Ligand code: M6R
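One chain follows as structure tokens, the form predicted on its own.
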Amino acid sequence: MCGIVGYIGAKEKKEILLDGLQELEYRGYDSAGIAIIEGEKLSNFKAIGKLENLRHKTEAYHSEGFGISIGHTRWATHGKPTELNAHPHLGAYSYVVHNGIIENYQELKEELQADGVTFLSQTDTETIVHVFEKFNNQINNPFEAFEKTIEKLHGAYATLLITEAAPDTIFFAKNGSPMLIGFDGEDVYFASSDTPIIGKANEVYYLEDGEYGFVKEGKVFLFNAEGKKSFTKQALTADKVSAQKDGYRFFMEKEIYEQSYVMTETMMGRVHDDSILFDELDENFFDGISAIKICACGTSYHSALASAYLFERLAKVRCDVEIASEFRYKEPLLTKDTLFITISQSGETADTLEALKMAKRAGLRSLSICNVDNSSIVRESDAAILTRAGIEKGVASTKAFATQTMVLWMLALYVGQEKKTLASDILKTEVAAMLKTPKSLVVEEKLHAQLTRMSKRYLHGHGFFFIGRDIFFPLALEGALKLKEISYFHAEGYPAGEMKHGPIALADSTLFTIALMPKSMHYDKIKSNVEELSARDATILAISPEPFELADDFIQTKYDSHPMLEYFEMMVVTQLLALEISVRLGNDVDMPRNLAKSVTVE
């Protein structure tokens, strides 16, 4: 979830780039950089942290006359947020910026290193500039070298490349990551979204996957697999906030739709055909560990609860989950054979941070799962795994929860793999399902439309029960929390088998029951639980691949081959349902009352 800007023309380039990057800080902000070529002079500046640090570094620099320029603001995926890992990345005479993930970067890097190329960064992006220069050194034709480079890349990317070999040209390519071209007379702009060029360009062309080309003398030369192609410009919106939302009504809606894409980033470089690899963990990290204790709050607590089933079922390691705000006051028994895991979207959650400090004082090894590198929890931990979800602006967490759950699933497999408690055939089955997860997170227009229509029937009543069994019980808790956060309705998540131990007394026609009924796990048992509620006149919304005749409303899911695929698909349904009910009520979806994105007080 990084941001790209580019400009070719005679205006002052530094300010165009910095202003554009400022507009893209909502996409990522752990480091930023710019590169400018004017005549034969190439200038490059990078800084970690907020964009103000880059502004300070470039105070004495001013560009004059015609030139080409690119900039980037980064949210770390490969490598720490350092100046060496910040974009643009340098070859011998070229610079590149890139959003997305190059899936085969390790293979390309090894080929280049065998040719004597030295890498300065830990990123996948740096391979692009070295592959380009390798081809250009062979054929002495920058555009053909760029074409050959794009052919070698596997994965998702939006990339801009400038080179001293063609100091009047910007090369571009797009596949899977957003990028657009803006126009104002002879001036041409590039950006990841509309916001950096609003007020500068008046027309825009949104690049499609597989398109690439170059800009020279104010003209765009566009190509795809069929060769050179024409394109049609359109008017550019003037609303910056709307542009940040990429056409979605709310940031929360945008982030629900982004889950399929960011899940690929979460897995990239970690999930292989028959194994899990975490570069962040030393190979002996789990030596002497016989139990896991997880501490978290809110949504992160729910992802932890789901993972406890996976750690014990797959890795055969005992796993206890604690609410961080309670853990600190229970005088917990902490033994040094326990790995202490903390989970936090922001890395600044006060209760979770204090629980981590307690565990460290007791001598426990610690691991954090977080979305923000260099945050307090990450710095305090012995090791950290980043979820790579990108910035989440909606207060009600969606993609952060999804990526936390994925990291924990991967970690459960990794522990079983390292401790040899997980059979190789089971590992392969789990990995195969894992690789299908992004498809289970794709939001289909038909599904969203169905939930929009359905939401009008859930605006009155005395409450909601979300019920599920096994890993679907924590998902029921999370579904209920999402609805509470943005609709302000009372909602409760419950283990389906516990309904008869008290809560079924609430059942009547104005009790809405959201039943998570996976086909791959305990279907007959939860079906029996839902039948009990239906017999007491509760209104039933069943979410299942299997039609349920007693349901008042029914959402049919598709992925019934593995519980985790069903889990993620049903997660999307519960998120969209909460969203559409909140919209019907006229609530502020992104900024619900009384809530903050990062809870930094105890």
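These figures come from a predicted structure and were not determined experimentally. Numbering starts at 1 and runs along the sequence shown.
Unshown form predicted together with the ligand; subsequent notes refer to it.
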Contact stretch among 456 to 464, 441 to 449, 290 to 298, 272 to 280 - heavy atom within 4.5 Å of the ligand in the predicted complex: 290 to 298
One residue of Glu485, Asp373, Glu258, Glu265 in contact with the ligand, assessed in the predicted complex (non-hydrogen atom, 4.5 angstroms): Glu485
Answer option from Gln404, Thr437, Thr127, Thr159, heavy atom within 4.5 Å of the ligand in the predicted complex: Gln404
Full three-residue contact with the ligand in the predicted complex, heavy atom 4.5 Å, for Ala491, Thr539 and Ile581: no
The ligand contact in the predicted complex: Ala396, any heavy atom under 4.5 Å: yes
Ser346: touches the ligand in the predicted complex, heavy atom cutoff 4.5 angstroms: yes
Cys319 within 4.5 Å of the ligand in the predicted complex, heavy atoms: no
Proximity of Leu481 to the ligand in the predicted complex, heavy atoms at 4.5 Å: yes
